[in-house]
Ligand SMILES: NC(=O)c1ccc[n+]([C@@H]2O[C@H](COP(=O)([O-])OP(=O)(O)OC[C@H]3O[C@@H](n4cnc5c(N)ncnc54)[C@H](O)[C@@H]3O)[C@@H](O)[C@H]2O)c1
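As structure tokens, one chain now follows by itself in the form predicted on its own.
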């Protein structure tokens, strides 16, 4: 004999991705309007800022502007100090920073009715988002992305995480933000490398979901390379829209076996680790896109002309298309461990997205390493011609 009780319920998540300029200017009421709309009568809500050190150096008046903003608008109480953490993979590679942010949430009495706002690149947002998700079983998290990559990709999604056991994002959560605020003024101080790096995710989403967007990228590659801000703003908004469409399409927390938005990522994640993150995420994704696109061509899924267009766009935007560690000698080549880690991450069945056309992806459950080797050799030859 057996018996059981059953429970079923759904939780609605809703958040907006805002696009603005000068978020902390006193004349810009966007952030205060958001906080005021969510004010709770009889409760003193607080907001604690976690700030990427690199952003603080590039915008030396930012801390003063934040303090002045919350002196002017008293809707919520600003925590006494703005917390600085390192940007890049350093903040994700060391558990100290995750624990440090959690301790800071505790020290400043940030509760479930209050906010943790993170300003920085994707790594800082990932780490702060994880800290917010586990503190009090969920503190409201506001993301303020400051790079192209975080404004068009990681910052608008529902994932948080840090690196663990030498594996990218091994420890993390699915926890949607309360809101995202994209401020284009943060883009003006990016290095050329960081400006370029974020565009690889736009190419990725165009290749698997939006052929017209890929055509637009080809047409506007010169303006993008020249750092034209209105053109970049369009790229970011369109790319972010495609990500949001995917998130609400049926499997936002990736309970299935597919990771369609990770086209080109199986090798990219591994390359980042193999280079000790000297190759940035965006740069690695560009190389991963190149490898999987050439592989798709060798499989006969896309034409040689489509492969040429993809490689040409990557090169026009200034990306490297391969790296010595992308070269495959045999089945024990370190890069191929990336396939095993993708398989392990999703229940033991390999699921990789490849192209069937520019603008359309298809899931496959196996990769032919000999064909991958041929693809890597072809990329090496193409790279030599460019050099």
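Residue numbers count along the first chain shown, from 1. Predicted model only: the values in this text are computed from it and were never measured.
Omitted from view is the form predicted together with this ligand, to which the following refers.
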Taking this ligand as it sits in the predicted bound form, is residue 186 in contact with it (heavy atom to heavy atom, 4.5 Å or less)? yes
Exercise: residue 338 in contact with this ligand in the predicted bound form, heavy atom 4.5 Å: no
So, in the predicted bound form, is residue 286 in contact with this ligand at a 4.5 angstroms heavy atom limit? no
Tell me, yes or no, whether residue 149 is in contact with this ligand in the predicted bound form, where a contact means a heavy atom of each within 4.5 Å. yes
Please determine, with the chain shown alone, which of 315-323, 29-37, 57-65, 355-363 has non-hydrogen atoms within 4.5 Å of this ligand in the predicted bound form. 57-65
Please identify the residue among 176, 172, 88, 297 with any heavy atom within 4.5 Å of this ligand in the predicted bound form. 88
Counting only heavy atoms and a 4.5 Å cut-off, does this ligand in the predicted bound form sit next to every one of 292, 327 and 383? no
What residues of 191-219, in sequence order, lie within 4.5 Å of this ligand in the predicted bound form by heavy atom? 194, 201
